[in-house]
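Okay, here we've got a single chain as structure tokens, the form predicted on its own, with questions on binding and movement later.
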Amino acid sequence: MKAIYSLILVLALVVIATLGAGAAKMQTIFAYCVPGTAFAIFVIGFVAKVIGWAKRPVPFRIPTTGGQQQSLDWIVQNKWDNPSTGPQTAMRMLLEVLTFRSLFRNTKVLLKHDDGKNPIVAYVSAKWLWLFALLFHYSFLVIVVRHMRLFLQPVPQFIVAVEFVDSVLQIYTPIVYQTNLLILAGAGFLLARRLLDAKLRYISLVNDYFPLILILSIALSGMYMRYIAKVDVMAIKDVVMGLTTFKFKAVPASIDVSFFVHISLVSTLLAYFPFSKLMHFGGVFLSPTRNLPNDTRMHHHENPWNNPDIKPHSYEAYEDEFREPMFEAGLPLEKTPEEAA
């Protein structure tokens, strides 16, 4: 039902944009007001979130680790999974952001049975999740870069090169971009995984389904514009350039209503972004479990927010205070009552 609620919400957005820009003739509102407001919400919300996270105190080193910590000289350290210096941590962050290294190492827990029907906990590879997540994110990035040609005049050669590589297979007319198909495959896999995996479906919420269905709808509406409606791209660029330069013009009548549906869905994603789980895009760089070296054996970290009136209580003092009850309870002691005496 949570997935159905998300689907109904996305369909409602499509209907509102279709009726508003079509029957109600409110093209100007959907071409300028809606995306402009959504972009402002996105920028303000994104910056506020990042500043809020940056202000959070992190008094201790709390990195998650996946390998041998730096120790004795003859013990080999895993420098990328358990970094102890700044450059090692930077390499770990680079691998995490660009290749999803922690997701690549992820495993799935299964409950199997042996010949005697005894339950056995097994760990199996989950590389499919890593692969489709990688396809989804990089396809999304390339699509955003490609769309920058609508906002810039003249179009930079870098964007032209990205567009050429993305369409190098020269399939169909107009040419099919590979990333259009890959983002459908990636987002479709992530959505199907939530729907088909009973354990994952049980813990999934509406805000897990909604962004996936919304992104799929954006991709499908964009492909509809390009391959079926075959919208007037130059007229759309005039509208987009007017929006970015604050030189608002009358919306050309040649623009198909599918454009307003598409831009309304994109605007919804922009406005929703800072308040959703999609903010891991900015949060990954501020996560203390990732961006801190594990150097607790080399440096003593003291909480700067400690109350100066509360004095530290060492184990030695603790044992001195409770030596007799600990001895009577049979707990191990560094000094017995006789030795302490």
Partner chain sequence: MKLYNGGKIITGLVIFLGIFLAPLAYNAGKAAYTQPKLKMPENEKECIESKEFMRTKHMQLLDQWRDWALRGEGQRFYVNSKGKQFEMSLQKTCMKCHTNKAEFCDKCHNDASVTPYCWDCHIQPEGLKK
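Positions refer to the first chain, counted from 1. Quick caveat: nothing in here was measured; it's all calculated off a predicted structure.
The next section is about a form of this same protein that is not shown, the form predicted in complex with its partner chain.
Contact check for residue 200: every heavy atom lies farther than 4.5 Å from its partner chain in the predicted bound form. Remark: residue 238 counts among the residues lining its partner chain in the predicted bound form, judged by a heavy atom distance of 4.5 Å or less.
Contact between residue 163 and its partner chain in the predicted bound form is found at the 4.5 Å heavy atom cutoff. Among residues of the shown chain, residue 234 is one whose heavy atoms approach its partner chain to within 4.5 Å in the predicted bound form. Stretch-level contact check against its partner chain in the predicted bound form with heavy atoms at 4.5 Å: of 132 to 140, 210 to 218, 243 to 251, 73 to 81, the positive one is 243 to 251. Listed residues 192, 94, 206, 175 were compared with its partner chain in the predicted bound form; 175 is the one with a heavy atom within 4.5 Å. When its partner chain is considered in the predicted bound form, only one residue from 286, 278, 62, 29 comes within 4.5 Å through any heavy atom, namely 286. Site residues 58, 154 and 170 are all in contact with its partner chain in the predicted bound form, judged by any heavy atom within 4.5 Å. Residues from 39 to 59 that approach its partner chain in the predicted bound form with a non-hydrogen atom closer than or equal to 4.5 Å are 39, 42, 43, 46, 47, 50, 51, 54, 55, 56, 57, 58, in the order they occur in the chain.
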